[in-house]
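Read the single chain below, which is given as structure tokens and is the form predicted on its own.
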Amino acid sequence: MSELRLENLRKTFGAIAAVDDLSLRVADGEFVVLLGPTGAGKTTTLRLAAGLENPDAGAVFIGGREVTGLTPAERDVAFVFQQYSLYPHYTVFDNLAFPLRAPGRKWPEERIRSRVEEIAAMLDMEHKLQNRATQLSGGEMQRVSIGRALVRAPNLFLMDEPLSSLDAKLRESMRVELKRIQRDLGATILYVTHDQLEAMTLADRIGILEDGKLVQVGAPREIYENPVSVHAARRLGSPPMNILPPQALGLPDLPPAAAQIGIRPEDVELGGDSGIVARVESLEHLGASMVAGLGFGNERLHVLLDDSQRLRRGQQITFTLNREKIICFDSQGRRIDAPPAA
């Protein structure tokens, strides 16, 4: 496997900068996830790394070698698409063997069979090798699609929301499977998604994209606890961080430039004589936990609670904020480093 390095990449489509001066390093054996909403530049970044798009500026390096002008085949990368991209009339075996039967490889059939069986065992698909692709479930088809990328041991894996078309239960099991495979192989993966749960569970590091710019890169916990902007703060966490105007809460001793404050739902505490009075507007029961939506004045915030709490819609209640967990942002949504007074 190989390190991927993107240096000052820029790609425009007409007047729109899909990728804007983006630099990123994915270390050998690292799993990096690009996270952002539709239109943030995730897929374009992946296509630039693969050679499916040519940058207007910047450079791509794989394994220390500049590959900006090389074709996808010359870069030796494997691209896993959102759709399964299988040959429906082929068996699972032939779908997995297809990349190894390319004219340039000239692998003997015995070696191909050995490699396919090795990957099928890794994917728990040995018993399906003679099934046609049309006889597989959605999860099995996606496993074969990932297997086709794994089978030829490329320098780098690029994955474009490969789990998004699966149902919730399958996505959960495939996340676990994909992370296990990556660790077993020591594979280098750049993966894009708009699903923050996928990003949190899969990534060694997450890159937050906004309008083609990489606004923050770090370990999932680091970004969750120390976001650099409102955009980064709201990309991680379910429910997302509450963003509120300071004047609605009457908080003293905030930095003068603080135009917004952020507080995670788990850092809002209910009860207390000196708390802010609010009304319970909604309740979502999630099994062991519960999300309560509170309304006060013209504002609303979410609170994450133990499901054993006894609340009812319309109930009047007080709440306080954990002052040590408050994050302040300026009028542009950028984090203000100075912490609020305790």
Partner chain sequence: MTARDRTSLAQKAARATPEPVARRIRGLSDRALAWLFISPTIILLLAINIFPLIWTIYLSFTNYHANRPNMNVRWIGLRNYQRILGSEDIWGYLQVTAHFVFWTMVLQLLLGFGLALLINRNFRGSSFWTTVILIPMMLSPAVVGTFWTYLYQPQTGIFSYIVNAFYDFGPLDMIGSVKLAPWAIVIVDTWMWTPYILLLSLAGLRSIPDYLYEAAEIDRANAWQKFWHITFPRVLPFLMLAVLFRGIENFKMFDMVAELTSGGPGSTTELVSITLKRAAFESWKTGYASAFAVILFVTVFGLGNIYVKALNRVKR
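Given the structure is predicted, the values throughout are model-derived calculations rather than measurements. Numbering follows the first chain given and starts at 1.
Beyond the structure shown, there is the form predicted together with its partner chain, which is absent from this document and is the topic of what follows.
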Notebook entry, point to check: Should Ala50 be classed as touching its partner chain in the model of the complex when contacts are defined as heavy atoms within 4.5 Å?
Noted result: yes
Checklist line | is_contact(Phe81, its partner chain) in the model of the complex, heavy atom dist at most 4.5 Å | finding: yes
Item checked: Contact test in the model of the complex: Pro72 vs its partner chain, heavy atoms, 4.5 Å -> yes
Note to self: Is Pro220 near its partner chain? Define near as a heavy atom within 4.5 Å, in the model of the complex.
What the structure shows: no
Next item on the list: Would you mind picking out the stretch of 84-92, 266-274, 179-187, 207-215 that comes within 4.5 angstroms of its partner chain in the model of the complex, counting non-hydrogen atoms?
Entry: 84-92
Check: Using a 4.5 Å cut on heavy atoms, which of Pro256, Pro103, Pro252, Pro108 is close to its partner chain in the model of the complex?
Finding: Pro103
Checklist line | Heavy atom within 4.5 Å of its partner chain in the model of the complex - the one residue of Glu172, Glu140, Asp76, Asp160 that qualifies | finding: Asp76
Next item on the list: Assess the spot marked by Arg10, Lys42 and Gly58: is its partner chain within 4.5 Å of a heavy atom from every one of these residues in the model of the complex?
Entry: no
